[in-house]
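Quick setup: one chain, the form predicted on its own, written in structure tokens, and binding and motion questions come after.
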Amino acid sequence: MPVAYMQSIAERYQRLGYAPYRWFKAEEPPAWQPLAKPLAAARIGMLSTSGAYALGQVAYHYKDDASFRPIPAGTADRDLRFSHLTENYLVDARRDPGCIFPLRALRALAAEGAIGQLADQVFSCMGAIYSQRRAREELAPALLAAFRAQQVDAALLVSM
């Protein structure tokens, strides 16, 4: 059954007596760029906001965690873990990580030649970061640097 997520948040803030939730509103359109090469020749990265991490990495700490985890692209589903502020949305992801962290699908696309190659590491963060400033000033630049370091041509954003 679908969840009216935005409405649910607005109602929760109202019940708790908080000021209305301030959704992010961009001041400028995103700096979209046309892909400079065919997808079949492109190096693809991925960012999931699911709070995924690999076995042996540290879980997210839930409150305004603006960190991210580099996860080797060869990581098996059985070695993926999830921690997120909205734990109730992770039931399916824990059964099938591919529904929110599609590494298997991306590896298959690379194997069949639909994409040139998958970056050596893909990334995950916990999308429930309340501070827009921290997301904009800390997380986004760090992710951009990490993608650039891997010479990624395009990145798939898998939001939760």
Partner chain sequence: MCLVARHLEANGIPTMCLGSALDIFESGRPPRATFVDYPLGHSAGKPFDPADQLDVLRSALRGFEAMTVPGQVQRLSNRWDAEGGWEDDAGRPRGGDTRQPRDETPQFQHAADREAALASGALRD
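C-alpha atoms forming the largest set that superposes within 1.5 Å between two forms make up the rigid core. Being a predicted model, the structure only gives us computed values, none of them experimental. Residue numbers count along the first chain shown, from 1.
The following text describes the form predicted together with the partner chain, which does not appear among the structures shown.
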- Message: Using a 4.5 angstroms cut-off on non-hydrogen atoms, would D120 count as touching the partner chain in the model of the complex?
- Response: no
- Should G116 be counted as a contact of the partner chain in the model of the complex, where contact means heavy atoms within 4.5 Å? no
- Query: Is there a heavy atom of A111 lying 4.5 Å or less from a heavy atom of the partner chain in the model of the complex?
  - Reply: no
- Query: So in the model of the complex, does P70 come within 4.5 Å of the partner chain, heavy atom to heavy atom?
  - Reply: no
- For the heavy atom contacts within 4.5 Å of the partner chain in the model of the complex, list the residues of 9 to 39 involved, in sequence order. E11, R12, Y13, R15, L16, Y18, W23, F24, K25, A26, E27, E28, P29, P30, A31, W32, Q33, P34, L35, P38, L39
- Query: Rigid core fitted, is the C-alpha displacement of L16 between this form and the one not shown 2 Å or more?
  - Reply: yes
